[in-house]
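Presented as structure tokens, the chain that follows is alone, the form predicted on its own.
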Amino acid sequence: MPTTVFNYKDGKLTTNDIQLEELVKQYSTPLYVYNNDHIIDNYNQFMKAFDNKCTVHYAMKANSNQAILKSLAVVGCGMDIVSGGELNRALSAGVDAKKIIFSGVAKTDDELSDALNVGILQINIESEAEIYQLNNVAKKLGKVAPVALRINPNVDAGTHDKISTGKKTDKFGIDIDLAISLYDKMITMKNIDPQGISIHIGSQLMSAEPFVASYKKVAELAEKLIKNNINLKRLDLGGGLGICYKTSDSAPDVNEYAKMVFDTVGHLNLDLHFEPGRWLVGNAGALIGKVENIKSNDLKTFILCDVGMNDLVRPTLYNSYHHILPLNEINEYINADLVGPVCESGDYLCKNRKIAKMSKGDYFAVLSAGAYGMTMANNYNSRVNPAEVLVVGNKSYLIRKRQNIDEIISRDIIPPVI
């Protein structure tokens, strides 16, 4: 099992000794459940690995519920945002603007203006055109924009193509070979202040080698820039640390990762900033569902449930694995597909897997669902979004109400001519 946050006690799947079945009785299904203690423990573990000599900016695209943002902000965590919406969400949750970094490849003038007006720490530039765009926006506001170039080192992260961001064929970042000339241009601009270098090569990295290769390139670039009298203050080394989804997975150790970082860039004596997302919240969450029916033919057994790809798209989008356990322990297994109600053949949680022999009415947990679950949920087939619950200590709190169909329908506007 990939995490000990959800485990059996007296045959009941629990977290912090709270039976998930009791949460189902309160909030129904589908239901996201997060363990706040585990999230904060992960943050503290990361900071300890770096001897508190770094700043963490949680990549809130992984899970942007304000309760989680607030909980992390309280212990000193900043945020990595990729949209104006995430900026507003972070500020609403009480995040200090001076701890916010803005990434993303297609920022609008309005988004850049808002970021400058609230005084965020850094804007990560993703293209040469964005330098001129931001300079113009900042000039109109009478402000100086603190920036870092997001470097594309052309390093293969060895992860899924859809979450790889550090190759020349990916849309992210600026060719590292162009960086020096662009920094030279930026220091001539009155409304741009180049303060750092940013890099992020992908998500769910399970090996240290891609990090080493890219950080060495960053170190070389930083040394050249410093010699060119570019007043660098910080290195934003991104996120990407993978987590274990399967029992057989072997994820990078955060202490070894920290040692590698110090070995490759520590000599530069620049402030270190990181953007972990999945690593903080992924294994802290589970998605609870209910078996609605079972059907079989001569080739397959299908367990039909109320959790659809609209609730958790990762299995069909990335062919990703999530460990699945019944809420009441079952020691008999069958080979089956666990599939949802959405009208797509790609609507499944697992296929051809040895899974507990569940019956109609049984409940189950999809583990490692704390990252890229609810943030990617949608209303396909006019299905409502799940509720979310946060477990803190031995208590649970509703942190997002279940959407209702009226909320979805009310957004439509029927013209009076129809």
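Model, not experiment: these values are computed from the prediction. We number the residues from 1 along the sequence you see.
The discussion below concerns the form predicted together with a small molecule, not included here.
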Report whether all of P30, H38 and E388 sit within 4.5 Å of the small molecule in the predicted complex, measuring from non-hydrogen atoms. no
Name the stretch, out of 380-388, 59-67, 351-359, 30-38, where some heavy atom lies within 4.5 Å of the small molecule in the predicted complex. 59-67
Considering the small molecule in the predicted complex, which of G84, P210, G277, P153 comes within 4.5 Å of it through any heavy atom? G277
Which of these residues, G289, G78, G239, G308, gets a heavy atom within 4.5 Å of the small molecule in the predicted complex? G239
With a 4.5 Å heavy atom cut-off, would you call Q204 a contact of the small molecule in the predicted complex? yes
Is it the case that S103, even though its partner is missing from this view, gets within 4.5 Å of the small molecule in the predicted complex, heavy atoms only? yes
Report whether the minimum heavy atom distance between Y318 and the small molecule in the predicted complex is within 4.5 Å. yes
Test of understanding: in the predicted complex, would F364 fall inside 4.5 Å of the small molecule by heavy atoms? no
